[in-house]
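Read the single chain below, which is given as structure tokens and is the form predicted on its own.
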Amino acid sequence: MKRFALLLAFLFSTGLFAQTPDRAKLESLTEKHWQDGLKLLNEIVSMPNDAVFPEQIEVNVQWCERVFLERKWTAERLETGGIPLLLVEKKQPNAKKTALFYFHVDGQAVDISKWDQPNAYEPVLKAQTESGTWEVLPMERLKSEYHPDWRIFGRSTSDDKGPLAMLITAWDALTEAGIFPDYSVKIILDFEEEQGSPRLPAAVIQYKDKLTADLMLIMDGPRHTSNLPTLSYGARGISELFLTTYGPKLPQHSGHYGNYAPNPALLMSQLLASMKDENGRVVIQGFYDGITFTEAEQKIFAAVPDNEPAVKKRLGLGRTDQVGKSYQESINYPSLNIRGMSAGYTGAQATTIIPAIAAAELDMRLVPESDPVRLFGLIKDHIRKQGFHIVEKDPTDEERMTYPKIVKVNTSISYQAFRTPMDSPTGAWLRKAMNRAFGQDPVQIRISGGSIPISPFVDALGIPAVTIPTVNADNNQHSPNENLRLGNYKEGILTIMSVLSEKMY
């Protein structure tokens, strides 16, 4: 009998017999540990993390190695020829399955002149006043007070250091309670995501055996705008086009040569305008081919609780593009977006010239049905139909004299889209976990509008992937005054605990 009791004690200590915590238990653990988690968040946010500066990233890599090694995880740098990836792992005794989590630790660049605080890497607690401004509060107030709408401001609080701190906090809370997942956990930490993860696709293939898992969970991006618990079953991919049109070899006086030398800015404007109609739909033949929606998929779009009038008011939009019948339907199409244009000078630097060149950069968001190579081909065919000769380098004098309209076209593909069926076992498992945590099913989004570098994992490892967003949608990611709402931080910890404690299918 004594030996049996010792065996039971051992099994409980390994987590194999640990009781699945109910909602009350999860909330109790969250309440006990969330302030320790905030210390962790403040610590990690205090490290600058612009991947343009490898020396900054090295500090972040070392921090991640130390934090996970202290918790008895293994940690291995996966060399990429540049900034490495970091793979951390916690094997569970007798586990038959493995979940691979994805986070990125780098952040967007900071223009501190646009921030409402002296240092974007010093987290600041703020509360919103009745007038809508943000008032700084002493961080010590959190020891005795809490309001879910108070926020921590700092670069990467939401994108994506906050979710990483949530997971570590959730792990600590469950560990102290003697609760462990019945599956092994791997985490891949990406330190170049904001630079487009240029080395990630090749690294996933190179380290395929080390990364092998049964499913992938992505901890990045915001919740639905309702701020309800959310699952997103895919993300659009992204590719880019770089266009340059040409006028005179050197900028020319607009009085001497106006009405004579063609203006490259006008050529560029005409070319770009030819690609879409007045309702924002791409008119390039075949661009939307292969994309249709069943009645069941239309119901999925309608089930998402979007408040489109509120969105339009927040964005200051009197009208929207008519690519889809709703916001959700619209992001299930590929997009063609002009993200920037330049030609000549404006404002205080303005000069009365005909510019020598005009440049435009376009990004193209992809869905699984849209092959970027095919779309690039369609776009180039369309450009030729507008009378342009396409080059890949600046034109020679001979080309200038031969072709009346010349455009340089360069393209790049960052990564493809991915989408996991909602009715997959992974989806059912996650819904069960989140229902236990919140007492209701999460908002379910078929595919998110933004892009994350997950398709290389899905393609190389042959596994389903689902995003578990936790941060507030109005977090100003990529912008000045990035922030994380305290209510989201606490609920994020609870969410991750529910997933880690849910028995895998």
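Each form is matched to the other, and the largest set of C-alpha atoms that superpose within 1.5 Å is called the rigid core. Because the structure is a prediction, the values reported are computed rather than measured. Numbers follow the displayed sequence, beginning with 1.
Another form exists, predicted together with another copy of the chain; not displayed. Remarks below refer to it.
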### Query
Out of 111-119, 159-167, 131-139, 336-344, where are the residues with a heavy atom within 4.5 Å of another copy of the chain in the model of the complex?
336-344
### Query
Even though another copy of the chain is not shown here, does residue 323 get within 4.5 Å of it in the model of the complex, heavy atoms only?
yes
### Task
May I ask you to check whether residue 179 falls inside a 4.5 Å heavy atom distance of another copy of the chain in the model of the complex?
no
### Message
Quick check on residue 419: any heavy atom within 4.5 Å of another copy of the chain in the model of the complex?
### Response
no
### Task
May I ask you to check whether residue 355 falls inside a 4.5 Å heavy atom distance of another copy of the chain in the model of the complex?
yes
### Query
Only one of 350, 202, 373, 302 has a non-hydrogen atom within 4.5 angstroms of another copy of the chain in the model of the complex; which is it?
350
### Message
Considering non-hydrogen atoms and a 4.5 Å limit, which listed residue (312, 389, 97, 147) is close to another copy of the chain in the model of the complex?
### Response
312
### Message
Only counting heavy atoms and a 4.5 Å limit, does any residue of 238-255 reach another copy of the chain in the model of the complex, and if so which ones?
### Response
238, 247, 248, 249, 252, 253, 254, 255
### Task
Verify the C-alpha shift of residue 398 between the shown form and the other one: is it 2 Å or more after superposing the core?
yes
### Query
Does residue 76 show a Cα shift reaching 2 Å between the shown form and the other one after rigid-core superposition?
no
### Query
When the two forms are laid on each other by their rigid core, does residue 386 show a Cα shift of 2 Å or more between the shown form and the other one?
yes
